[in-house]
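First, one chain by itself in structure tokens, the form predicted on its own.
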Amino acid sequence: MKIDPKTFVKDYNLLVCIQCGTCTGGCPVKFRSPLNMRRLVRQTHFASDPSLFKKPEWWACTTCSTCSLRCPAGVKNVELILGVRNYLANQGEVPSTIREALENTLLHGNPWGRFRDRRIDWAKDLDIKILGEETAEILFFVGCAPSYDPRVQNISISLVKIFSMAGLDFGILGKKESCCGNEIRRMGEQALFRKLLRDNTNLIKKIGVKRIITISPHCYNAFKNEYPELTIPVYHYTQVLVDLIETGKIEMRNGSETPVTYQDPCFLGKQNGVFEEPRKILSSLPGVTFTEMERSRERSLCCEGGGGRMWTEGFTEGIRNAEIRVREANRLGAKVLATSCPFCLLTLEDAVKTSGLSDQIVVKDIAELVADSL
């Protein structure tokens, strides 16, 4: 399939670009890769052949959406990235690790290629309803990383403890749960995303739940913004925990004097405006002294886990953003760097180890902190 780069000009509003450079100025990987969004928009505008799409920088983007959100002209920068990646995926011209993640999702329902039968191993000692076999008011959508990654599984376990203590009527999809597709779309495989969208929508409608709670901001974003036929209310777990705390359904009693700071996940904060809830939770924890990092909320520094970067090797160099972030938290005097995203948890925790700061700061998900305090 051949494509004229100029077909992207109209589709992604490139004609209104004023070349101000705001997109490039806010890019979290601008110093670590050849990615220059302003230049890519201009080159796409004036390109005469598809060789432009062979540039490696198309795969450096984390799809944090800082460029699109800050653009004063409304250029659809991230959608342009996704459009090019979709073209490359259709051509079979994607990095090998991306291809493997896409194939794994098609075959096993998750990018890591773990067997579907192992998806609920984390819950084998817990009393949890399996929806389809039983009914419940709430679908607790666990997600891929919280189902399979040993470190992230503790978030799933912590939330089950909290929800059970609060008396919520919830259940999980069990072995029937598949990837939400948020990262699949951002890796360029639009056809596979549409399949996941259809299958997940049909399954969720069939089990008849009244609302959905997700662990990952990426799942939250997909269900909330990219599943047009899914009319059930979707909540990120931090939004639910705030309500449980404020209504007295859970009471946090245990804690010690601990300085804590917070990393805003891009797909929860920048892209969906959930800023206050995580901070309210942290401020409610016994003994916690909460301090903001200088770059927070809309200005928070992307951890580099989104946009398929969890499965992409190369295309960036130098000190990773996650390492910059943990050093910022350490200089602030924080003993705990909290977050509310599985990808942030993994990238930041790895950065703590590689930075030699393991004896000075730890990375925790908010759900873990709340569960420990009950």
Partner chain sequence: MKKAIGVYVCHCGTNIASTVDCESLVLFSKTLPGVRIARDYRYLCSDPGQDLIKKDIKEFSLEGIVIAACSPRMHEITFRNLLKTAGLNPYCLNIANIREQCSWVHLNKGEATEKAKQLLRAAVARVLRQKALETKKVEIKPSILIVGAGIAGIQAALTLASEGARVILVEKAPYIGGHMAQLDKTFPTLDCASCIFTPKTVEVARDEHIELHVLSEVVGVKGYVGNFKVSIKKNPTYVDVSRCTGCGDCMEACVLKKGALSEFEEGMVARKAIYIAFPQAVPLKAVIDPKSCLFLSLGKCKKSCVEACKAQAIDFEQKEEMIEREVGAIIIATGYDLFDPHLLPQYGYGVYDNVLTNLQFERLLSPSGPTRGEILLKDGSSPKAIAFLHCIGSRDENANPYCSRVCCMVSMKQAHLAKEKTGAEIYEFYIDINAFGKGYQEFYKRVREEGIFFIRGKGSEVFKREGRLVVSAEDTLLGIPMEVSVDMVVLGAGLTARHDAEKVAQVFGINQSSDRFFMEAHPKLRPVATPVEGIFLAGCCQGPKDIPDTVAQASAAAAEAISLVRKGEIEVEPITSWIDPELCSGCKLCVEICPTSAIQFNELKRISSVNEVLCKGCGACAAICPSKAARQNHFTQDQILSEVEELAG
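Residue numbers count along the first chain shown, from 1. If you're wondering where the values come from, they're calculated on a predicted model, not measured in any experiment.
Not pictured, yet referred to below: the form predicted in complex with the partner chain.
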*Non-hydrogen atoms within 4.5 angstroms of the partner chain in the predicted bound form: do R279, P286 and F290 all have one?*
no
*Among K129, K210, K195, R299, which has any heavy atom within 4.5 Å of the partner chain in the predicted bound form?*
R299
*Find the only residue in H45, R70, K335, R327 having a heavy atom within 4.5 Å of the partner chain in the predicted bound form.*
R70
*asked:* Taking the partner chain as it sits in the predicted bound form, is Q19 near enough to touch it, meaning that at least one heavy atom pair lies within 4.5 angstroms?
replied: yes
*asked:* Please determine whether G167 contacts the partner chain in the predicted bound form, using a 4.5 Å cut-off between heavy atoms.
replied: no
*Contact test in the predicted bound form: P228 vs the partner chain, heavy atoms, 4.5 Å*: no
_Can you tell me whether G248 touches the partner chain? I mean in the predicted bound form, with a 4.5 angstroms heavy atom cut-off._
no
_Option from 172 to 180, 136 to 144, 72 to 80, 219 to 227 whose residues, in the predicted bound form, bring a heavy atom within 4.5 Å of the partner chain_ = 72 to 80
*From first to last in sequence, which residues of 23 to 42 have any non-hydrogen atom within 4.5 angstroms of the partner chain in the predicted bound form?*
T24, G25, G26, K30, F31, N36, R38, R39
